[in-house]
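Consider the single chain below, provided in structure tokens and representing the form predicted on its own.
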Amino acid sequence: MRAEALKGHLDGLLLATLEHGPQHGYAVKEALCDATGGRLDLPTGTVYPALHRLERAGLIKGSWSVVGGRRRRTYELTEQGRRSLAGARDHWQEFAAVMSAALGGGPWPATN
């Protein structure tokens, strides 16, 4: 998948990856890759700066630990991050429905 397609959605993807519990940075990257069948294999140079930005914004919090003699930072969602994730999901549902209608010729809003 092209990086341009992720613009505006990376934060929501990373927050969703942390929804089920704390993970260290590389595990977040790998979980996203696994959840998408390898279609979103993001470079660490994309994931780590985004995690740092989310932490500065108060959407996640990080803590340092030492595992196997190596320091690593573990991240978890904050309450503000959970609210932001809910908003990102709502935004994505609307965006996907609009794009599907435009590209597939279906009605907007979608009728069930």
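Residues carry their position along the shown sequence, with the first being 1. Bear in mind the structure is a predicted one, so any value in this text is a computation, not a measurement.
There is another form of this protein, the form predicted together with the DNA, and it is not shown here; the text below is about that form.
- The partner is absent here, but in the model of the complex a heavy atom of Leu10, alone among Ala101, Ala88, Leu10, Ala16, sits within 4.5 Å of the DNA.
- The DNA is not shown here, and in the model of the complex it never comes within 4.5 Å of any heavy atom of Arg83.
- The DNA in the model of the complex comes within 4.5 Å of no heavy atom belonging to Gly58.
- Proximity of Arg71 to the DNA in the model of the complex: non-hydrogen atoms within 4.5 Å are present.
- Contact annotation for Leu77: none of its heavy atoms lies within 4.5 Å of the DNA in the model of the complex.
- At a distance of at most 4.5 angstroms from the DNA in the model of the complex, none of the three residues Thr36, Gly38 and Trp92 contributes a non-hydrogen atom.
- Of all the residues from 39 to 71, those having a non-hydrogen atom no more than 4.5 Å from the DNA in the model of the complex are Leu42, Pro43, Thr44, Gly45, Thr46, Tyr48, Pro49, His52, Arg53, Trp64, Gly68, Gly69, Arg70, Arg71.
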